[in-house]
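This document opens with one chain alone, in structure tokens, the form predicted alone.
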């Protein structure tokens, strides 16, 4: 297990009835990396995250977290996983601290440990002064940071986030990504976040491009950009997902 990647996705296929959402998807997420899963709405990002978090079972393929198979050893796999879903999941009538304590109890953390871990995570998210406030009084960006703090309470080694910045203003988006990259740099946490917002990707990030249920490219953003002969990730992404011209369209009339 010591050399296993943080996340292994191997020949995963999933369908809703006759509609194929993921088609033979394979990639790895390296330990200690900050990786963006890039794809348009409907690309299959949320389906993939639902499989990784075991909300759904894959029709075919294998998923493992730090070497632990999500189907054969779900307890060990999920223990190493922290999750922030796209939909907001805080109880708005509870305080920030109460939201964290409730979640900590679900992971078997005792009161003293839960309080200490909660304080530590809120400090990392620069929210120590908001612990006593009801969640409904927070801004959208602050709610997201609380959800990240909550997901880290049980000290996971891999944090996955599904479109965590959707609906936020540009400053809140930048702040969340700054916090995530700091966690990677300072703690060795592995982060995988799904997004369709190409401006969130920095050249040093790893990227996985998912389009219509298939993987089109993986690697560092710099490598993916260079491979497409473009100047930035937006140009590289557009080139990757461009539909090839048909023979009829190319032939002169």
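No experiment lies behind these values; they were computed from the predicted model shown. Positions refer to the first chain, counted from 1.
A second form of this protein, the form predicted in complex with a small molecule, is not displayed here; the remarks below concern that form.
No residue in the set 119, 142 and 176 has a non-hydrogen atom no more than 4.5 Å from the small molecule in the predicted bound form. Taking a 4.5 Å heavy atom cutoff to the small molecule in the predicted bound form, the contact residue among 215, 70, 43, 34 is 43. Proximity to the small molecule in the predicted bound form, defined as a heavy atom within 4.5 Å, holds among 95, 86, 172, 128 only for 86.
Of the candidate stretches 26-34, 217-225, 46-54, 180-188, only 46-54 has residues whose heavy atoms lie within 4.5 Å of the small molecule in the predicted bound form.
The small molecule in the predicted bound form is approached by residue 163, whose closest heavy atom lies within 4.5 angstroms of it. Under a 4.5 angstroms non-hydrogen atom cutoff, the small molecule in the predicted bound form has residue 21 among its neighbouring residues.
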